[in-house]
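One chain is shown next in C-alpha cells, namely the form predicted alone.
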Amino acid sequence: MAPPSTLGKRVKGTQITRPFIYGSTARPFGPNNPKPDGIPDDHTHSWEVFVKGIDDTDIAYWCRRVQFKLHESIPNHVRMIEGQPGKPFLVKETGWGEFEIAIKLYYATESGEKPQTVYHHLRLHPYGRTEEEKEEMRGGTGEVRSWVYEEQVFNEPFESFYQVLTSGARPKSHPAAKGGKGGKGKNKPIPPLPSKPVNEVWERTAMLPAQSRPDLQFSHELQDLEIQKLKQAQDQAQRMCKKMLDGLKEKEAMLAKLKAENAAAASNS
C-alpha cells in the first residue's frame, strides 16, 4: 500500500491550463548590434533562450526552476535558472552555430509533479518553406525569432496547489501585480475577470490577448486565423476526396458497362 501523500488530496475531475512561451531570439552582430569586447572573432550572433509567460506575465508561481542544457562546447553548458516573480527564465550567450537545447521545467514543490523536458533548436538564421518567408522573418533588424507557444496542463492537482493556481488573478497593470508589498494603489479593487478577450493579459490566468502585436504574435486573433486555415484545408481536402470519389464512380460505371457489352457479345456469338 502506497504511503499517504503529504500534499493532501487531489481535486478530482479538474484540469488547470497555463499557457507559456519558450524559444530563442538571435541577432547578428553589426551596426545595430555591436559585438562587445572580449567576444571571440568567430562569433557571429548574440542570442538568448528563454521560458516565459504570455506577455511576460509571471509563471514562477507554478514553475520554480528551469534548466537549460546548451552545447557542450559552451562553458558552463548546463544552466539552472531559479524563478523570480514577474521575470522570465533566461540565458544569454553569443556564438556562430545552431544546436538543440534541452529545457527542463521544475514545478512548484506543492504541485507534486515531476520535471518535464522540451527541446528547442536554436535558430540563428532565417528559416521557412520559401524564400519569401525567410525574407519576411529577416525583417529590418535581422533579428530571428524562434518562439513556441505551449500549454502546461495540470490534471487533478493537489488541493493546496489548486489554490495557488486559481487565486490571485488580476490585470497585469494592477498595482498588486507589481510584486511589491506596498505603494500607491496596492489596495485598489480588482475588477471582474473579462468575459470576452481583451488586449491586456491578466496575471495567474490562461488568458491570451485579443489581438497580436509585433512583440507578441500569440493571441486570439492568431488562433482564429489558424482555425480558419485549418477549415480551408479541410474544405479543400473534402473537395479533393469528392472529386476522386466521383471519378472512381464514373470508372466503375464504365467498367460495368463494358462487362455487360462483352457478356452480350459472347451470348450472341
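Start at 1 with the first residue shown and count on from there. This structure is a prediction, so every number in the text was calculated from the model and none was measured.
Not on display, but discussed next: the form predicted together with a small molecule.
Trainee: Within a 4.5 Å heavy atom cut-off, is F99 in contact with the small molecule in the predicted bound form?
Mentor: Flag for F99 set to yes.
Trainee: Indicate whether the small molecule has at least one heavy atom within 4.5 Å of a heavy atom of S146 in the predicted bound form.
Mentor: So S146 does not count as contacting the small molecule.
Trainee: Can P75 be called a contact residue for the small molecule in the predicted bound form at 4.5 Å between heavy atoms?
Mentor: Although the small molecule is absent here, P75 would touch it in the predicted bound form, with heavy atoms inside 4.5 Å.
Trainee: Decide whether S111 counts as a contact residue for the small molecule in the predicted bound form under a heavy atom distance cut-off of 4.5 Å.
Mentor: S111: no contact with the small molecule in the predicted bound form.
Trainee: Just one of P171, P88, P126, G95 has a heavy atom within 4.5 angstroms of the small molecule in the predicted bound form, so which one?
Mentor: Answer to the contact question: G95.
Trainee: May I ask you to choose, among R65, K69, H43, H220, the residue with a heavy atom within 4.5 Å of the small molecule in the predicted bound form?
Mentor: The option sitting close enough to the partner is H43.
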